[in-house]
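Only one chain is shown below, in structure tokens, and it's the form predicted alone.
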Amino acid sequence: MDFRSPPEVIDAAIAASEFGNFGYSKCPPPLVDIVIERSRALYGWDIDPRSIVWLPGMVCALNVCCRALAQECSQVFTQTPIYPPFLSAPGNFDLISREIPMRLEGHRFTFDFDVIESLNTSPGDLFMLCHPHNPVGTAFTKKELIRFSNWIVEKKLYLCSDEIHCDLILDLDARHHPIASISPELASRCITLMAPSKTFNIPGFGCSFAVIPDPQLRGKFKKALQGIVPDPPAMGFLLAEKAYRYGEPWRMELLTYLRRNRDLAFNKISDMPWLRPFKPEATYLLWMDARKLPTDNPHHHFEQHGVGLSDGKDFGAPGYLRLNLGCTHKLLSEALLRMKIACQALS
């Protein structure tokens, strides 16, 4: 996002910089405590502190999941469209990637259970879930998650659930349900990935974590980390703690701002010829179908008119586009005006 982080985070960064705190570190106990307290308060999910594994980022965590399970996993499943590292991680370890198109029900993307429940799986295979979903913005319901969880347990699969956008639920009647909280049986097969980075706009300081309740699975994950993935930096731990401890009022203001941006963008794009936007229930990202646009390359066309959208082909969905809503109303309004002009240029 373009937004400045919470003032307490900025103040802590300035103080740490003046002190010269640029070294390595181990997680301070107060950060563990606030993660546990916050998870219980926001999501009703009790986390055992022993289950937390600290990481310098989410992309490396997706790859570590594949590496940790490569010996017993024959294939990796994921839903498309999807954040690009989900598509590249399996191949880094010579694993077969199976892509499952999401089902569009009305104006909302969700699980295609008809396809999922007919998949040819083997015990030990891995399913990589993005929840809430990037790029389509779906906040999966508890009913959907229960059905999906039951299937994972029945097939004896492993699950990696990237929940990095869990604090960015835009729909007022929606709620994030950590999938590992659905059942103990599912939790024992699950690696949940979380971080303050997307919520509080501090990804450059590299502080994320995995929650892995099962000791054996956690051991495999930690072994896959060894010699390759470093601990987060001292500054990352510090700013994560400040964000989680003091950032809640800021987060509430952020959500209000993002809802306004979402509604503005959805309404404006809905009136543009050939484009079909999908209103996100979560995240600061808006997905749109541009396949009817009379051009071979929608991404390039909008770029030529001064709007840098993400190209759907990188997400496994050529002809679609992704718009980042994490900017000022003024900048978004200018982008939407340029998009309108770009559409008119094709008339």
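Don't overthink the numbering: it's just position in the shown sequence, from 1. This one's a predicted model, so the numbers in the text were calculated from it and none came from an experiment.
What comes next is about the form predicted together with a small molecule, which does not appear here.
**Student:** Tell me, which of Cys166, Ile152, Ile182, Cys130 has a heavy atom within 4.5 angstroms of the small molecule in the predicted bound form?
**Tutor:** After the contact test, the surviving option is Cys130.
**Student:** Since exactly one of Val307, Cys27, Ile36, Val59 fits, which has a heavy atom within 4.5 Å of the small molecule in the predicted bound form?
**Tutor:** The residue from Val307, Cys27, Ile36, Val59 that makes the contact is Val59.
**Student:** Should Thr199 be counted as a contact of the small molecule in the predicted bound form, where contact means heavy atoms within 4.5 Å?
**Tutor:** Close contact is absent here: in the predicted bound form, Thr199 is far from the small molecule, nothing within 4.5 Å, heavy atoms only.
**Student:** May I ask you to state whether Phe109 is within 4.5 Å of the small molecule in the predicted bound form, using heavy atom distances?
**Tutor:** No, Phe109 sits far enough from the small molecule in the predicted bound form that none of its heavy atoms falls within 4.5 Å.
**Student:** Is there a heavy atom of Thr78 lying 4.5 Å or less from a heavy atom of the small molecule in the predicted bound form?
**Tutor:** Outside the cut-off, so no.
**Student:** In the predicted bound form, does Asn134 come within 4.5 Å of the small molecule, counting heavy atoms only?
**Tutor:** It does: once the small molecule is placed as it appears in the predicted bound form, Asn134 has a heavy atom within 4.5 Å of it.
**Student:** Just to confirm the contact call: exactly one of 99-107, 115-123, 240-248, 158-166 touches the small molecule in the predicted bound form at a 4.5 Å heavy atom cutoff, so which is it?
**Tutor:** Result of the contact check: 158-166.
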